[in-house]
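Given as structure tokens, the chain that follows is alone and in the form predicted alone.
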């Protein structure tokens, strides 16, 4: 996919500390890319640099082949929705949406047409005369989106716009938002710390950690093929157990002997060299990748059931094993607290990942 918006080695420091470091990322035309990561990882600083509210110490921002790094926000052609919407409570809905359009050289009739069209896009037709205070949280979010869309921007930037909504409304709104953005066909960069939100909305996800890009790709690729231990644990749940690599095949599938004696197969990261035989590894296993076995054999790992929680349609069992703790997804009453159980992979190596701790002969 050809880049429409390109971030080229962006770096931004505050008081000598890098908030974003050498970040390079391309966004295709009409694509939705989400910057995902924990608080303080640099995702909002990155979005503010794209918008022009922060100036990078080094690097470039290129829009459709044009370097916009030094342009002020109003000259970039971007629309932005802030986390707290930044609506003016003393102004009507229509006046909020129209804010800034008058200074763009549009006539009154053109402004009115833009406002009407933007409110229709966000499913608030005829709401122009209403007060901001009369709207629900979800409706206020739509007004903020309408204001961002009214100038007909080339790129839409959204900074955790759903974080103030309750869970049920957030789920409904994010699906409506994706449908709307795809119907308009606008290139979008979205910021969130919520992985479910990122999965629902994105064409691709950029996972960030400590100001750096950890991995970029479709949600399914990141979930089933994490490039690092951080990505594996940040995207979904994963229990961990230690082991050592015995063999590794050409497909980068490692056969590992676990601390508890079982032998499991695991996927290794695509980037970098695979762990070598003898390397100590941490195996991360998704709960859905594991099951309880009726009897023990060389593929099972024995442990004690320490916890059990109901997770809607399934139960998640926490099992303490030698060298770590695993979670097993199953049905009701498969085991009771305190039971000694045997855990086995459902379809190894799917859902089980090996990350190198140290190689044989290295110091800890």
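All of these numbers come straight from a predicted model, not from anything done at the bench. Numbering follows the first chain given and starts at 1.
Beyond the structure shown, there is the form predicted together with a small molecule, which is absent from this document and is the topic of what follows.
- Shown here without its partner, the chain carries 19, 44 and 160, all of which come within 4.5 Å of the small molecule in the predicted complex through at least one heavy atom.
- Shown without its partner, this chain lists 228, 173, 83, 139 as candidates; in the predicted complex, only 83 has a non-hydrogen atom within 4.5 angstroms of the small molecule.
- Contact annotation: the small molecule lies within 4.5 Å of heavy atoms from the stretch 35-43 in the predicted complex, the single such stretch among 305-313, 35-43, 57-65, 329-337.
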